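Okay, so here's just one chain, in structure tokens, the form predicted alone.
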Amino acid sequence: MNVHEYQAKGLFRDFGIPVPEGHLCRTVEDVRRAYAALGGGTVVVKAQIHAGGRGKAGGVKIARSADEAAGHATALLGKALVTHQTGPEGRVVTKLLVEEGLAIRKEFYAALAVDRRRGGPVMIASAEGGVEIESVPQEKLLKEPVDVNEGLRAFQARAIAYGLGLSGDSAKQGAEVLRNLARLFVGKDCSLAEINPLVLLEDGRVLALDAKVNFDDNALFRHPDAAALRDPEEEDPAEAKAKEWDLSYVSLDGTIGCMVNGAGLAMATMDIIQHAGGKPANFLDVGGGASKERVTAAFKIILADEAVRAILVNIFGGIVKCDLIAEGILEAVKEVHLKVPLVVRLEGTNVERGRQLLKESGLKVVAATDMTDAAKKVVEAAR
């Protein structure tokens, strides 16, 4: 789960990470009030959407008067902001963060992410802040593993701070920011906690000029305060609906809808569709409990995508037997009044009974014997 920059900065404050003074605004008048509350002078007006690259897309503006700030707000609010992460449709801006302008001496990058090779979190830092971290050469990255019980140790934080070129009291502040960032990451079960840029001001202070925090969805039950930060307006409507049914769903740009149980089987199914000359329209894992209700919800989510021309259901019956799965599929097909071709491949416990139910249903369901057969048939049906 992603959160907005202003929400991430609220979490930063809770964990002792200094951030600029700012105000959340939803209207042009809010922006004028925020400008006055910040004491005038120079402010930064920042669009709040769940996407990076806002600055390059015109979503971060400098203002030196209330009128200029209001003008930026008028230009941004209610408009779609297109960045390299939003796709061509962009994201509509409904909220702005207005912050104090600061005199910046140097920008850095700092983040925590999960290193799957190490099997734990790793702190990543670079003296080249304000740019995409992927563009920074590996030899210029500073990395320290983070123990989930001990956090980022003091000597590790100091090593990174000095490695970034900080010195004196600024190095001490920087090390404290890094340790607190690690506390946030572990304490809130984050999948990413990023500061880009982390800045050294002309007066020697070190603070987080930007903030990005992503949470591990599987751990949100432990953090109701974090779950409350979810903004459904920023989510794909189909993905938001899938969450309500505990379905793993990701929209893609193909024409073949996929309904599979098990993430590995889902990935293999998408691969074999591609190999057969088709393009998957989604990733959808219904999990082990493929009940009629969940299958029906999955069909509705897939069919909400107008690009879908055919659907492949690829289920391995283990925990839930194939005959029960077949019954669920047939009931769901009747309820949603399916109008696109449907190919079903079943394997596992009671598979023959499941296939017989599909055959005798009288519904236009194309049975497949294996994954290769299923992929060929659904690609042909989509054409």
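Heads up: residue numbers just count along the shown sequence, starting at 1. Everything numeric in this text was worked out from a predicted model, so none of it was measured.
There is another form of this protein, the form predicted in complex with a small molecule, and it is not shown here; the text below is about that form.
Stretch 104 to 112 is the contacting one of 270 to 278, 104 to 112, 172 to 180, 307 to 315, since its residues have non-hydrogen atoms within 4.5 Å of the small molecule in the predicted bound form. Think of it this way: in the predicted bound form, the small molecule has a heavy atom of just one of T255, N196, Q156, S126 within 4.5 Å, and the residue is N196.
None of V44, A332, V344, L38 but one reaches within 4.5 angstroms of the small molecule in the predicted bound form through a heavy atom, and that residue is V44. The small molecule in the predicted bound form comes within 4.5 Å of a heavy atom belonging to G52. In the predicted bound form, at least one heavy atom of G130 sits within 4.5 Å of a heavy atom of the small molecule. Using a 4.5 angstroms threshold between heavy atoms, L209 counts as touching the small molecule in the predicted bound form. Using a 4.5 angstroms limit between non-hydrogen atoms, E100 touches the small molecule in the predicted bound form.
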